[in-house]
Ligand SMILES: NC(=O)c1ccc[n+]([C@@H]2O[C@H](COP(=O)([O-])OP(=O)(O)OC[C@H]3O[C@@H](n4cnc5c(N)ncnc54)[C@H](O)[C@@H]3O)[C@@H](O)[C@H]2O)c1
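Form predicted on its own, single chain, as structure tokens, below.
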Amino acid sequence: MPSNGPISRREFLGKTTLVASAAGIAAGAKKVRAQLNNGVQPAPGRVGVGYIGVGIRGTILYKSSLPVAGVEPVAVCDLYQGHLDCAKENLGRNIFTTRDYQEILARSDVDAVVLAVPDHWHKRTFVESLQAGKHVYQEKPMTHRWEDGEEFIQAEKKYGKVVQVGSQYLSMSCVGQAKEIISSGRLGQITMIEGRTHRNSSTGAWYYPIPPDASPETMDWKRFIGDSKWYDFDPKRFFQWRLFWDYSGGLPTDLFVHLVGAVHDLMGVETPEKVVSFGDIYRWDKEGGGYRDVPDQMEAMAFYPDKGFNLKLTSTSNNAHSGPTIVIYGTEGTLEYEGEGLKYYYEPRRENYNYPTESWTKETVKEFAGIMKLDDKLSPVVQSPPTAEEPLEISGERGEGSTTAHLRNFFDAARGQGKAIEPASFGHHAALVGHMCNISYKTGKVVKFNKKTRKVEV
């Protein structure tokens, strides 16, 4: 993005609308409050909801739905009896429970479904839910295979129901402020972005504990396997399914997809031209008993030539020192973005010729300084003065989390009030980058996306 030229931080505070509320604050103050990017006023109209998949994320989703006025949990589905019993504890004994999601799709009092099943079940439950006339909230990643993305998009168009993909970074409280800083040109030309998600625990590495009562009697193992490769009963595969390619896309589609979705939204891009990635199982093959397919650490680079920037992605289960989640580097400044808060650093170009003229005679240096209009420190006289002020910091505060905000947007759209902010096309392209990372990891090659054919090429 082109820069509008050097600007002092004081000018920035005066000209940028997002800090208008700080106009009366002294110049030394460094924090302002972010405006809310999602309304919290209750919308009228009942939405009966069925929750298909109420494991860890599914439980969070139905709990996060409860603050939204008019939302009525009607039914829940899961393949483990313990999850169903937990839902009754949380939602009341009258909630309908089943191991067969078709029973939920057949209910006339269910207007919308929230899908939080393992990735290998995404396409089938997504398409069949739309066929049944339900609005669909699809937990990320939208796809288990990149080739299925267009089928999701066409199903959304064919059945005309609201689709929201569940990557809640699009509903963070500071997303509007971050977009405003980027579009204002205050960062100058953006050439590099970094995104990272770091963890350091067994659960962060997806070794979730197995319930003591897990057994063929309390779990529907055959239905879990579905169309994937058959294995004899194994509760680890059921409760730790993210560890296996059969059911998951590993770090790129589970964690990178959040970062990619946020960057696509902030930068207004759809797909990269090419992706390369590296990774391995560095630690958890030993601590996890060798029980995993997917890497415990991956790094990737994605190239977006249309906007002229590279995106660097890292995710590890071996260290928790992550730093800012997303850092956007420009020629005039840097933006550290956490979703619920951000920091803007004014860092314009600074020229100084002391180092490159070290080998010149004093007379030559003096002549050069005159030609270039340099001061006695060999810096341009017209160069904007450095600022000693601290970074501009914005913190978002509201009465609901980003997951509730994302669900609220979905339910409001289902009631005909606005549009879903993360439809199938957006979800496909965010997951696509993760799939390209996996292909690059497995083949050891740079992976390209052909925009004309809409296909991934190796």
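Keep in mind that what you see is a predicted model, and the values were worked out from it rather than measured. Note that residue numbering begins at 1 and tracks the sequence as displayed.
Unshown form predicted in complex with the ligand; subsequent notes refer to it.
Q: In the predicted bound form, do H122, G166 and F238 all put a heavy atom within 4.5 Å of the ligand?
A: Every residue of the candidate spot has a heavy atom within 4.5 Å of the ligand in the predicted bound form.
Q: Have a look at H144, H264, H135, R242 for me and say which one sits with a heavy atom within 4.5 Å of the ligand in the predicted bound form.
A: The residue in contact is R242.
Q: Heavy atom within 4.5 Å of the ligand in the predicted bound form: which of C174, L313, L187, L79 fits that? Just give me the one.
A: Spelling it out, the residue with a heavy atom inside the cut-off is L79.
Q: So in the predicted bound form, is the ligand close enough to F256 to count as touching (4.5 Å, heavy atoms)?
A: No, F256 is distant from the partner.
Q: With the partner left out of view, is F224 within 4.5 angstroms of the ligand in the predicted bound form by any non-hydrogen atom?
A: Yes, F224 lies within 4.5 Å of the ligand in the predicted bound form.
Q: Is there a heavy atom of G396 no more than 4.5 Å from a heavy atom of the ligand in the predicted bound form?
A: No, G396 sits far enough from the ligand in the predicted bound form that none of its heavy atoms falls within 4.5 Å.
Q: Find out whether any non-hydrogen atom of H83 is located within 4.5 angstroms of the ligand in the predicted bound form, and reply yes or no.
A: Yes, H83 is a contact residue.
Q: Using a 4.5 Å heavy atom cut-off, which stretch among 267-275, 110-118, 333-341, 356-364 contacts the ligand in the predicted bound form?
A: Looking at the partner contacts, the answer comes out as 110-118.
Q: Determine the residues of 128-156 with a heavy atom within 4.5 Å of the ligand in the predicted bound form and present them in sequence order; the list may be empty.
A: If the 4.5 Å heavy-atom criterion is applied to the ligand in the predicted bound form, 128-156 yields E139, K140, P141.
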